[in-house]
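Take a look at this single chain, the form predicted on its own, given in C-alpha cells.
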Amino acid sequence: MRRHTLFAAALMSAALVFMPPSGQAQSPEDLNDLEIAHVAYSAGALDIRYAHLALAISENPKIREFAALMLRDHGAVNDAAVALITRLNVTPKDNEVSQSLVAQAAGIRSRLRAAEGAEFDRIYAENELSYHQFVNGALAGIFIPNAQNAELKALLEDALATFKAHEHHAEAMVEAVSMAGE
C-alpha cells in the first residue's frame, strides 16, 4: 500500500510539471522543436545521474543491472540527440519544463543519497517506474505529436520504444524489491 501512495505522489508531482496553472508557466504543448530537444536530453541526463547513484550505493544485483542499462540506453539516445543537433547546426533551447524537471530531480537525488540498503533500492525502483511512465506519456502524448522536424520525431519514436521496455523492466524491479522487503 505504501508503494502505491508514494507512486501516486510521484505521479502527481510529475504531472504538475506538465499542467502548470494557466498563464504562470510554459505549457509543454507550446514547446518548439529546440525546446522539446532540450527537455528530452535533460530527462535522459537526469536518469543517467540516478543510475550513477544506484551504482554507487546499491548492492542489489537487479538494481545495478537496471542502472547499467539506463547508462547504456539513455547515453546512446543522448548521443544520437547530440549528433542530430550537430548535423542540423541548431542549439536546444532551455525552457521552464526542462528547468522544472531539473529542480524536481534535485529533490529526488537528495532522497536517494539519504537512503541505503533496501530503502534505497525501493526508492530508486519506484522512482524509475514513475519516471519512465511520466517520460513515456510525455513523449507519446505531447512531444512526438508536436515535433515538426522529421528527424527529431524519428529519434523520439525510437527512444520511446526503448523507454517502454525500461518501464516494463522497472515494473518487475519494483515488484522484486517489494517482495524482498516483505
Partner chain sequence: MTFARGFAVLAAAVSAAGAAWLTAPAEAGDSEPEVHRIEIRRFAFIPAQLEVRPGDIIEWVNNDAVPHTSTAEDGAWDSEELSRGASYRVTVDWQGSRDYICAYHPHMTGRIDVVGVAPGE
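Residue numbers count along the first chain shown, from 1. Predicted model only: the values in this text are computed from it and were never measured.
Form predicted together with its partner chain: not shown, discussed below.
Note to self: Please determine whether E157 contacts its partner chain in the predicted complex, using a 4.5 Å cut-off between heavy atoms.
What the structure shows: Flag for E157 set to yes.
Margin query: A115 versus its partner chain, in the predicted complex: is there a non-hydrogen atom within 4.5 Å?
Written below: Contact with its partner chain, no.
Check: Would D73 show up as a contact with its partner chain in the predicted complex if we use heavy atoms at 4.5 Å?
Finding: Yes, contact at 4.5 Å.
Note to self: Given that its partner chain is not shown alongside this chain, does V77 nevertheless sit within 4.5 Å of it in the predicted complex, heavy atom to heavy atom?
What the structure shows: V77: contacts its partner chain in the predicted complex.
Check: Of the listed stretches (41-49, 65-73, 28-36, 125-133), which one has a non-hydrogen atom within 4.5 Å of its partner chain in the predicted complex?
Finding: Of the options given, it is 65-73.
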